[in-house]
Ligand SMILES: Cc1cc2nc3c(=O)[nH]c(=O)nc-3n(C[C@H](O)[C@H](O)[C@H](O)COP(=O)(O)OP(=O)(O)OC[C@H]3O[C@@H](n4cnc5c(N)ncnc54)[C@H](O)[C@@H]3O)c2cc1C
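As structure tokens, one chain now follows by itself in the form predicted alone.
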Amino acid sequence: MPDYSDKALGLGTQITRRDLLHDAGLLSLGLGLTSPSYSESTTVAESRLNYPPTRTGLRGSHPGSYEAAHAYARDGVPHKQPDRIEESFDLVVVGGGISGLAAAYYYQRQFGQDQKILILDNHDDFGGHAKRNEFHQGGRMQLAIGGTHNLEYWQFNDTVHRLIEDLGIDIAKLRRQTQFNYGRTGVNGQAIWFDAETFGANRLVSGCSLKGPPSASPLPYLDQFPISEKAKAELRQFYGRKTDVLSDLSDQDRNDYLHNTGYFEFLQSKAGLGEEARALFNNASHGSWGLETSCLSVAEALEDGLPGLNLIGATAIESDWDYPAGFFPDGNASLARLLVQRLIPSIAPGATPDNIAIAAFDYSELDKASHSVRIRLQSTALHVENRENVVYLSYSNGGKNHAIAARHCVMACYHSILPYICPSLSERQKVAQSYQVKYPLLLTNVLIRSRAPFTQLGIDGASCPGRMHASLFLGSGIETGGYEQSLTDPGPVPVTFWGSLAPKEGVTHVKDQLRSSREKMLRLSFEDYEREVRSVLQNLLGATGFRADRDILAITVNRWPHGYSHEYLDLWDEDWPLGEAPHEVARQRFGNITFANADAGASAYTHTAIEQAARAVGEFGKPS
């Protein structure tokens, strides 16, 4: 890419992009650690200090949210046990994501509205991965998705349907008010952006995609790709050939091949793609899976929309790539907000699904002793155990450790942390919980002054095979929950960069790759992410007159090192007998402690998180 200086890219400009970090220092002091030194200045307006959705900079697993857990679980730093129990509740929920919020909802339904419930969460906002990014730079409020995207309503079971209906959410209405399609709604449809640093030239190829429906096939556009003639010829043959390379196999052998053969091995041995051509697909599944594409089987890759159906005697059908999900403009953060409003009505009186995206939330209402349900943020659970039919919990908040007791406890945090904070679990259950290594996820939202550069190029987004983020798209066309921003709204408008992070070279096993990506994600500074998105936007849009130093108004980096729940993979996981899979062992009731979260269903979807919350609470009505 052209060698733009940091100044030319605008890294020194005065935009609201730094997050507050004092809580990280408090956590360090509480643990007896040396407080880290940060260069970030605190430029968030005073009026927004207590409203987390407006905070920019490093979000998701933000500074201050994970240091206590890492110190205790990873580094072995002991924590001081509190001397006495300070509060008692009917239910304590560890984890304020959608599963934890749903657990409180189901507990009230099962045991009564007067039950005293406390929800603890280590972040400074509720919702877990359902994170709301709210921008106020450049005019009216702009919303963006910071984590969990949408509602896959066709997969809802009766339990989830009843909750959605009870909250008043009308999926059909959401669908009617949504035109958003991940940047595929521009004049020329999908696009690929090749960057000079990786491919030797900056080149936008509009009208095609490396994965997707037949209408997005890159076959007519391959001459525009800045790759070698050899790689182009291999791709022409791959996309243009119609055959069945598995025709000599029985149905069972065919099925075994598709599920037990790596996609990249298939591309090499059956499709004839060399290393250069295969590399185009390296990050193609970063957003959808949070994994390197090379980790997927042939069956998983084809299901994800990657090419190759034409080589196994199948015909790609255009409608198979439709994704008619239900969207709110802040993703499933609106669902989390509706749950919180149901649990604590005074936080947003009058909020409904028709205005939830623009409703004002008073965070001072979250943790009041007068409420039956309380949500205590910036609180990291340290120790949870059964004691004579009572659950004892200790947690860290504001640099101090506290002790509480509860009749019941739902652990709605991710499973791999559980062996450290529930040390009295059986070894078998701990091993099962540790097995579920989560897939990292990255969503970086950049507010730009105008959508005009995208309109001029005829795109609403593009895949980026050579960059940190696998794709980018304009966040417009979702006009639900009272929010308005049409596909043609001139701006300002958020641009969402979506993907994961590639692991270090030479790391082969999928779990080692995930850990490598996680470490990399936490090690990168805000300036590293900022420099990346500024460089991409400048090189992609620069020909239209776009200037990164002038036209970027705000940046929020949502990094989720522990992102998607572990879903079992064809190439890496066993086919366990019913009841013996790690997630099934991991979620088994332990005295008055039960386990929720999407991890408990081994499926990274919001409806799974809700299902598991209902199951976890339901177990309290059965003998232990």
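Counting begins at 1, following the sequence as shown. Note that the structure is a prediction, hence the values are computed from the model and not measured.
Just so you know, the form predicted together with the named molecule exists too; it's not on screen, but the next bit is about it.
- Proximity to the named molecule in the model of the complex, taken as heavy atoms within 4.5 Å, picks out 90-98 from the listed stretches 90-98, 218-226, 460-468, 353-361.
- When you look in the model of the complex, the only residue of Ala144, Val373, Leu443, Ile478 with a non-hydrogen atom within 4.5 Å of the named molecule is Leu443.
- His129 is the sole member of Arg132, His286, His129, Arg337 with a non-hydrogen atom lying within 4.5 angstroms of the named molecule in the model of the complex.
- Phe590 falls outside the set of residues with a heavy atom inside 4.5 Å of the named molecule in the model of the complex.
- Though the partner is left out of this view, Thr496 does not reach within 4.5 Å of the named molecule in the model of the complex, counting heavy atoms only.
- In the model of the complex, Trp560 approaches the named molecule with a heavy atom inside 4.5 Å.
- Proximity of Asp330 to the named molecule in the model of the complex falls outside the 4.5 Å heavy atom cutoff.
- Each of Ala381, Tyr605 and Ala609 places at least one heavy atom within 4.5 Å of the named molecule in the model of the complex.
- Contact annotation for 577-603: residues with any non-hydrogen atom within 4.5 angstroms of the named molecule in the model of the complex are Asn597, Ala598, listed in sequence order.
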